[in-house]
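Given next, in C-alpha cells, is a single chain: the form predicted alone.
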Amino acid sequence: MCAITAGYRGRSVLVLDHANKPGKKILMSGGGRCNFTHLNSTPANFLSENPHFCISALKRYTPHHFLEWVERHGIEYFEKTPGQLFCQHSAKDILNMLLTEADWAGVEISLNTSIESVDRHQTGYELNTSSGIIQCESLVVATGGLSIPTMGASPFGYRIAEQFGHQILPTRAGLVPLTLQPVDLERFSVLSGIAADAIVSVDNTRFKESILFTHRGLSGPGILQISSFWEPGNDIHVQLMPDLDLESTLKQWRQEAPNKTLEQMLSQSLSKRLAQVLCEWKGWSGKLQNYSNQRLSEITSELTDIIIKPNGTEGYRTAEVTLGGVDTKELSSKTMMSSLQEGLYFIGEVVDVTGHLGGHNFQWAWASGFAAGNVV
C-alpha cells in the first residue's frame, strides 16, 4: 500500500522482501480467503500504549476506500459477520490486486533479497543487501512482528528501530489460542473440535464470539480476541448460551420436562458432549423436577461465569499478531515518520498498534501504508 501510494506520486519505489513470493501472510489469512477489512473499523478496535495514535491514519484511509479498490478490480466478496469482509474465492484476488496496482504505479519488487545492514547516508540511507548496495532518500520499515516465524517473521524491524534510537515496547503474542492447566486440559480435551457461543471476558473487556475447544486448550474467535487482553496469572470468564435468559429457561425446562435431566435439556443448546462434561464436572444429576429455584439460580451463576485460569498461550507459532513494538511516541501519527531520523518510517504491525480480530489489522496496514506513502 505504501509503495503503490508513493509510486502514483511519481516516486521511484523499490520493495525489498526476503521471501521467495510476495504476500505470503495475505494468502494464508482468513483461512485462505483474506479478511481484508472490517467496515466498522474504528480507533476503539486497536490496542496501543497511545490509543490516539492510530486516529489520523484510520480517518484518512477508511475501509470504504479499500473496498472501492476491491470493487474496481471486480473482486467478489462477502460479509461473514457484520462488517467482516472476505474474498468470495481466494486471498489471491487481493494479492493480485495489490501487485497489479504496484505494477501500474511503477513499483519494483525485489524478492529473495535479505538486508544485512542499514546505515545513515549523506542523502538518506544505505542498505547492504544480498543484491548489493542500495541507496535511498526514504526508508520505510514494514516488516511486521514476530507472529508465525515459519512464514519468515523476525525481530528485524525492531532492530532497525533500536539502531536509530527508538524504544521498543514489550512484545507478546496476540490473537492467539490459550493453553490450559493440566487439570482443565484433562477435563476439556475430550471436547476437542467442539465450538460453543459464549461471552468471554477479562476484567472489563468482553467479547461475544464463539469459542473452540482444542487438544491443547481453547481457541475460536472469542478466545483469540480476549488473548490480546489476557495477562499470565489472570482468570478468564466464560458465559455459555449468552442469548438465553438462562434462569428463566431452566425453570421453563423444569416445568415442561420435569422427568428429563439437566444434561438432556442442555444438549438442546450445547453439544451433547459439552453438556455431559459440564454436568459431570459440576455434579448436576437427577431429574429437573428435583431442582429447587435456589439450585437453578446457582446453576445459572455457574454457567454464566465459568472461571478458567489459562496456563499460557500457544505463542508466536500460531499467533495472528504481535502486541507491542515501535513506540508511537517517537513517530508522527500523520506521516508515520520517525521524529528521531529524517526519512525513516515505520508502518503496520511493527508499530505498537494492534487490532482486534476481524480485518482490523489489515485496515491498519492499508491506512498506515497510505499515510506514509503520501509523504515519502
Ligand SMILES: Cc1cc2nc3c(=O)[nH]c(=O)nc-3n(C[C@H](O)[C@H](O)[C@H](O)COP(=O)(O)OP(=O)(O)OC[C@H]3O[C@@H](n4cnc5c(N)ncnc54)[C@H](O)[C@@H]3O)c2cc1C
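Note that residue numbering begins at 1 and tracks the sequence as displayed. Keep in mind that what you see is a predicted model, and the values were worked out from it rather than measured.
If you look for the form predicted together with this ligand, you will not find it shown, but the lines that follow are about it.
Student: Would you please decide whether residue 347 lies within 4.5 angstroms of this ligand in the predicted complex, comparing each non-hydrogen atom pair?
Tutor: It does: once this ligand is placed as it appears in the predicted complex, residue 347 has a heavy atom within 4.5 Å of it.
Student: Flag residue 28 as yes or no: does it have a non-hydrogen atom within 4.5 angstroms of any non-hydrogen atom of this ligand in the predicted complex?
Tutor: Output for residue 28 is yes: heavy atoms within 4.5 Å of this ligand.
Student: Might residue 18 be said to contact this ligand in the predicted complex, defining contact as any heavy atom within 4.5 Å?
Tutor: Close contact exists here: in the predicted complex, residue 18 approaches this ligand to within 4.5 Å, heavy atoms only.
Student: Within a 4.5 Å heavy atom cut-off, is residue 326 in contact with this ligand in the predicted complex?
Tutor: No, residue 326 sits far enough from this ligand in the predicted complex that none of its heavy atoms falls within 4.5 Å.
Student: Of 35, 313, 338, 45, which one comes within 4.5 Å of this ligand in the predicted complex, counting heavy atoms only?
Tutor: Exactly one listed residue reaches within 4.5 Å, namely 35.
Student: Considering non-hydrogen atoms and a 4.5 Å limit, which listed residue (303, 274, 198, 142) is close to this ligand in the predicted complex?
Tutor: Of the candidates 303, 274, 198, 142, 142 is the one lying within 4.5 Å of this ligand in the predicted complex.
Student: Want to guess which of 318 to 326, 61 to 69, 305 to 313, 47 to 55 is within 4.5 Å of this ligand in the predicted complex, heavy atoms only?
Tutor: Result for this chain: 318 to 326.
Student: What residues of 89 to 121, in sequence order, lie within 4.5 Å of this ligand in the predicted complex by heavy atom?
Tutor: In sequence order, 113, 115 come within 4.5 Å of the partner.
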